[in-house]
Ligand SMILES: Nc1ncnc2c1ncn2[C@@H]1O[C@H](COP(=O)(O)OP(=O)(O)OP(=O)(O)O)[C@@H](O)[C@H]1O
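Below you will find one chain, with nothing else, as structure tokens; this is the form predicted on its own, and questions on how it binds or moves follow later.
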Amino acid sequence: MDLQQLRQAVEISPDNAPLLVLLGNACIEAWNLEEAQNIFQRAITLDSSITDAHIGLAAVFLRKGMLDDAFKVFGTIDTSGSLSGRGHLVYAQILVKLGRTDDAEKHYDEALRMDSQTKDEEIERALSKTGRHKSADTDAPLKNYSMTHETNDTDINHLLSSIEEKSRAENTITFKDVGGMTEIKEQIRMKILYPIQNQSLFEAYGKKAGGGVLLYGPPGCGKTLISRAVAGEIKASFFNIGIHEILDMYIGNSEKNLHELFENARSKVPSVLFVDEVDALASDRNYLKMSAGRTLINQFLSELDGVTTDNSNLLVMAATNAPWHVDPAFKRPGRFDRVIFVPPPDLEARKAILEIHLKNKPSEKLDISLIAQKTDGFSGADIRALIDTASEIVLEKAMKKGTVIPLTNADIVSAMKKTKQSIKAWFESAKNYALFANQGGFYDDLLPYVGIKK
């Protein structure tokens, strides 16, 4: 089952703890960490004896950098005889990051014994440093890692090269390729594009082009897409930075990776540096007990401030589904001082998105306006899933008849029964923050969408 199908199954059977564990693991794969954490906690509440739910929760904490919390989870279960191979692997990953290589080796070996295909290159590097374990691939050259700042320049260059190659492939769209979002586009034009396109005018008023912009909103509503379109509009270099390209298990290397990525973007201005799921790199330090996470956050803040460098014409855009987990320091002037809420698509936006996804598909007398009205509350990703499902329905008929059959309104309406809204849970969580944590009007743009008046 894919993620959407699992969500639908849980809606039908909300108290099925094993099913919740499957959904939680799928959310981890999609890096929907907040959703995964809520799901595993719910499964544990329903049945605390399900070890896989505890393991899943620990895996979420591990990915969020909450090592103390991840370690504590394993303190609540029997780690000697009841763990699965994945459980031993997750525990070994946590122990390595905590520097407990003796215990990590024991659980990693057990994971390999239970599943010979289970290998973790980072764990093996850490253990090989102590002389305890061979690398997963003895023929491959090991990276020059250490527990301090010793990242090989070749590794950094390879990282930068791969990011640039990926970013060039993505930097091919403009606002015309983004369905709807008229108000968002205008906000971005005024706050981002015009300063870069009219630098001399803005400099006359003491304003510099560039800066930081934080996009937040429910998942699947176009935050990444609009960021790519910004770069396309100003013909700027676009650097799409993944969390995995920054985080490193060895102390100091994550900070070095982040600095090199910023330096690379500064060398190619005007440029847009985009960081998705930024809450994983900029978590509220009140919830971080490990100094490593705090050090990375401080490095990130330093890069945004440009204390020792010039950030002119460098636009840093970040997106998050969980702005309430972002450290308040990132929202101060000069950092992510421009915050834009990206809502679900309105009627006109849904029409535009439908037209984009129906383009070049065989169709017959489609009433786009009617379909758009029926998809109120759908995210852009939900609409794409809807059209994909409808296409699969028609394709099955076409394969049986051996001829092309056009999509109809009836096919899409039929597909709606199999496609559910994915953002209801997000708004339920967001409403609490809009009510009780709206200091400085941070969530003012969100208020109308959760039924709250200013």
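Numbering starts at 1 and runs along the sequence shown. On a predicted model such as this, the values are computed, not experimentally measured, just so you know.
The same protein also exists as the form predicted together with this ligand; that form is not shown, yet it is the one meant from here on.
With the partner left out here, this ligand still marks one of 295 to 303, 265 to 273, 197 to 205, 373 to 381 in the predicted complex; by a 4.5 Å heavy atom cut-off that stretch is 373 to 381. Among the residues Ile123, Val178, Val326, Val230, the one placing a heavy atom within 4.5 Å of this ligand in the predicted complex is Val178. Here is the short version: of Asn311, Ser254, Gln93, Asn321, the single residue with a heavy atom within 4.5 Å of this ligand in the predicted complex is Asn321. The shortest heavy atom separation between Lys223 and this ligand in the predicted complex is within 4.5 Å. With a 4.5 Å cutoff on heavy atoms, His357 counts as touching this ligand in the predicted complex.
Taking non-hydrogen atoms only, Ile192 never approaches this ligand to within 4.5 angstroms in the predicted complex. Looking at Ala111, you'd find every heavy atom of it more than 4.5 angstroms from this ligand in the predicted complex.
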